[in-house]
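Next up is one chain by itself, shown in structure tokens, the form predicted on its own.
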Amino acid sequence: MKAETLGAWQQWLAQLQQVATAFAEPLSVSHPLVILPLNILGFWFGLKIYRRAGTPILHPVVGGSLLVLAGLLLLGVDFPAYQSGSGLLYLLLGPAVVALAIPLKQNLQVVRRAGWPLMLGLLLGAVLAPLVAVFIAALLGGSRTVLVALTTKSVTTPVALALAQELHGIQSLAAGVVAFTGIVGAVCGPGLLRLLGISDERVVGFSMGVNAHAIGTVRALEISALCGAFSALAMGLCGALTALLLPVFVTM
């Protein structure tokens, strides 16, 4: 455990060094002082549009991403340069995910009372969610790299990137699949569950966490703190279960 903790710290310090190096480079369109304000402004305008429109289709993750994409196209910045310029955000991604545990702590007693049904739902959801996607992709002739990326679709980005690296998959493809899954789940999930007659905020939140990870958890927090707590719980447990089991299944 100590060796793993030391390794995680070394990896985090290496990322911190990369961020510092990027800031020290000469100013350009892909410099962090350009890319970071672009990200912030894109999300801010996306949030304004979402609150004004009031429709989940224009969720700030969707609207903000489209605005940032438009800015990158205007500036002529490709994805590797954008990824380098956004290094600080990648660095803060892990602590931000951990912060989602705050509503879980606030509703811990409610979560404990729903123990075994939650564990059964987690086991089925964590296995079936990626399995169905991989099965469909395999039927359509998807390559191994595509299948590996799809296996990480239901876990949050830091976990997906680490798994893709360990399983020799493509990290950028995994990140794209994770983002797409989260956006679709956040936009369509609550409405679909409502159509199915599911209104229990514990079930809605848990479903969002299993299927749409951190983006779904942010959407669940908009519904209620209880919904967000169950979504954060499902996201964390699903990520841990996937991180433990996926390397075993892939290497079999």
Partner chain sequence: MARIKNVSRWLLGAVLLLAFDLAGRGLTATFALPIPGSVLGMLLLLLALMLLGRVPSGLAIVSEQILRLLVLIFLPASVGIYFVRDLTSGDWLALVAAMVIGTLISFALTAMMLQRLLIGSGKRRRGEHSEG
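Residue numbers count along the first chain shown, from 1. Because the structure is predicted, anything quoted here is derived from the model rather than measured. Here the rigid core means the biggest group of C-alpha atoms that line up within 1.5 Å when the two forms are laid on top of each other.
Not pictured, yet referred to below: the form predicted in complex with the partner chain.
J.: Taking 4.5 Å between heavy atoms as the contact cutoff, choose which of 53, 34, 192, 57 touches the partner chain in the predicted bound form.
T.: That would be 192.
J.: Taking any heavy atom pair closer than or equal to 4.5 Å as contact, tell me whether residue 196 reaches the partner chain in the predicted bound form.
T.: Yes.
J.: So, residue 21 and the partner chain: in the predicted bound form, are they within 4.5 Å at any heavy atom pair?
T.: Residue-level check for residue 21: no, no contact with the partner chain.
J.: Looking at the partner-bound form in the predicted bound form, is residue 94 within 4.5 Å of the partner chain by any heavy atom?
T.: Residue-level check for residue 94: yes, a contact with the partner chain.
J.: Is the gap between residue 76 and the partner chain in the predicted bound form 4.5 Å or less for some heavy atom pair?
T.: Residue 76: no, not in contact with the partner chain in the predicted bound form.
J.: For the stretch 170-186, which residues lie within 4.5 Å of the partner chain in the predicted bound form by non-hydrogen atom distance?
T.: If the 4.5 Å heavy-atom criterion is applied to the partner chain in the predicted bound form, 170-186 yields 170, 172, 173, 175, 176, 177, 180, 181, 184, 185.
J.: With both forms fitted on the core, check whether the Cα of residue 86 differs by 2 Å or more between this form and the one not shown.
T.: Passes the 2 Å threshold, so yes.
J.: Aligning on the rigid core, do we see the C-alpha of residue 66 shift 2 angstroms or more between this form and the one not shown?
T.: Yes; that C-alpha moves by at least 2 Å between this form and the one not shown.
J.: Fitting the rigid core first, would the Cα of residue 47 be found 2 Å or more away between this form and the one not shown?
T.: Yes, residue 47 moves 2 Å or more.
J.: Would you mind telling me if residue 50 and residue 157 are closer or farther apart in the predicted bound form than in the shown form, C-alpha to C-alpha, with a 3 Å or larger change?
T.: Closer together, which means the C-alphas of residue 50 and residue 157 are at least 3 Å nearer in the predicted bound form.
J.: Can you tell whether residue 172 sits closer to or farther from residue 65 in the predicted bound form than it does here, judged by CA atoms, where the change is 3 Å or more?
T.: Relative to this form, closer in the predicted bound form.
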